[in-house]
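The form predicted alone is given below as one chain in structure tokens.
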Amino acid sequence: MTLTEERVETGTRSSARPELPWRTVVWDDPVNLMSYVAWVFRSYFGYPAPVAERLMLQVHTEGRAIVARGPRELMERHVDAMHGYGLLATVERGEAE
């Protein structure tokens, strides 16, 4: 009986969908200057100035921007780093694209 249960579990794992990528979201706040947010995106993520400016403006005008995509553990490290810079950031599960 135990052998059958193990086969069922193995079968379930093999038919599971691959995990969708996770995303790091930076949120607008009333504290940080736009120039500082763009500087953080350039310094930490290594984005070129035009990309950093576009993401900063998205944070400012839309209230949030997705700044990175990838495995959950990496996105959690990015969120911790953003918190270290004083920015509001969260991790969210990606959607099928």
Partner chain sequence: MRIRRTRSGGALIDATREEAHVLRRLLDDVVALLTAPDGADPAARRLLPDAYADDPDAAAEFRELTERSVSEGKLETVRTMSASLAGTRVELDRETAVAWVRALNDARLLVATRLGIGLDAGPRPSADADSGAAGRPGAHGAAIAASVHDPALHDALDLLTWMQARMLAVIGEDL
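Numbering follows the first chain given and starts at 1. Note that this is a predicted model, so its numbers are computed, not measured.
The protein also exists as the form predicted in complex with the partner chain; that form is not presented, and the subsequent description refers to it.
- Using a 4.5 Å cutoff between non-hydrogen atoms, Gly63 counts as a contact of the partner chain in the model of the complex.
- The partner chain is not shown here, but in the model of the complex it comes within 4.5 Å of a heavy atom of Met34.
- In the model of the complex, the partner chain sits within 4.5 Å of a heavy atom belonging to Arg72.
- The partner chain is not drawn, but in the model of the complex it has a heavy atom within 4.5 Å of Arg42.
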